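What follows is a single chain, given as structure tokens, in the form predicted alone.
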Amino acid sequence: MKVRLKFTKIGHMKFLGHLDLQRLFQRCIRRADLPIEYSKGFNPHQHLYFALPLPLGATSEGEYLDMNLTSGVEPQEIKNSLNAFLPEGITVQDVYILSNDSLVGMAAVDAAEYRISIDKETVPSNFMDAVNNFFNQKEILAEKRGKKGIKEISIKEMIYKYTLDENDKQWMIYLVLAAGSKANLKPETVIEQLYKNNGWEYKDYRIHIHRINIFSRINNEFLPLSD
């Protein structure tokens, strides 16, 4: 039985790294006594598949975890049993039963939506025009750090959508970016390049990244993994 969990990662849990998040769910699954499927071999491990690692320090209302169970369990029972052991800030919102041929983990991911919040007092008065000019360029280049060092890549085609909003204290940039195993663009890469293009000093602690949802592309339409 394949199931997909949708969960939050907010509050102090934003400082929990991805490997620690994996260990947390492994412990909670054992404590909840769910019939999780294990791999075969000398060092068996639980069959868990996270959709997309979240940047450290970011929050999310739309994280996903797929897992294989050896017997049927009602979705509400899975949700309640895990939430009894998960810490504040990580809450299973929904549980979905998947078909046996469903893609799981990063293989199911094609895009992700983010909200980047920036305090107005940290950016110049021409921020709105600068943001629009940046995203409307014919080409956007950014530096990518890899095992072989730093190289320049084109990211324009991996930015599917952007919108800009504001309130009294903050600017909010909403981004839909390529994500998953085929192509993956991190929101911090985009924002860092925005700052660099405009000659602004980039300090990551001045911005807040929040993931809204993760999507699969089906018939050329982006649908949440919960659909």
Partner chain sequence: MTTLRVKDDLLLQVEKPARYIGNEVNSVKKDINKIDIRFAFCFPDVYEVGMSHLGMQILYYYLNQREDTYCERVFAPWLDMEQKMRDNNIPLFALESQEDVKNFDFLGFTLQYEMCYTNVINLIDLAGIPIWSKDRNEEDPIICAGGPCAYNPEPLAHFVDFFYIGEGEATLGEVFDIYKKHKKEGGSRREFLEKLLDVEGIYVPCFYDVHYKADGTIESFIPNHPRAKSKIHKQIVKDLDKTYYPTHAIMPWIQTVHDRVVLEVFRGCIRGCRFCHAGIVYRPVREKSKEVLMKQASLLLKNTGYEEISLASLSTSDYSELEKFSEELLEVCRESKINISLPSLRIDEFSLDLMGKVQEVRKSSLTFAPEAGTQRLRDVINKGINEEDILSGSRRAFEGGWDRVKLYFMIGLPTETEEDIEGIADLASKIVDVFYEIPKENRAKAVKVVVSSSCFVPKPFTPFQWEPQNTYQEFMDKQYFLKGKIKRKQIQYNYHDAIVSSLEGMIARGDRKVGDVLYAAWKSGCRFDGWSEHFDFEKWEQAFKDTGINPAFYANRRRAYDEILPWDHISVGVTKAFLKREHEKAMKGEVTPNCRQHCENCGAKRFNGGICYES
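Since this is a predicted model, take the numbers as computed values, not measurements. Numbering follows the first chain given and starts at 1.
The form predicted in complex with its partner chain exists for this protein as well; it is not shown, and the discussion that follows is about that form.
Its partner chain in the predicted bound form comes within 4.5 Å of no heavy atom belonging to Trp200.
Taking the partner from elsewhere, Pro53 is found to have every heavy atom lying beyond 4.5 Å of its partner chain in the predicted bound form. When its partner chain is considered in the predicted bound form, Gln26 lines it closely, a heavy atom lying within 4.5 Å. The closest heavy atom approach of Pro35 to its partner chain in the predicted bound form falls outside 4.5 Å.
The partner is absent here; in the predicted bound form, the one residue of Gly105, Pro124, Pro75, Pro87 having a heavy atom within 4.5 Å of its partner chain is Pro87. This chain is displayed without its partner chain, yet in the predicted bound form the stretch 56-64 from 56-64, 155-163, 168-176, 181-189 comes within 4.5 Å of it by heavy atoms.
The partner is not shown here, but in the predicted bound form the stretch 1-38 reaches within 4.5 angstroms of its partner chain through a heavy atom at Gly11, His12, Met13, Lys14, Phe15, Leu16, Asp20, Arg23, Leu24, Gln26, Arg27, Arg30, Arg31, Tyr38.
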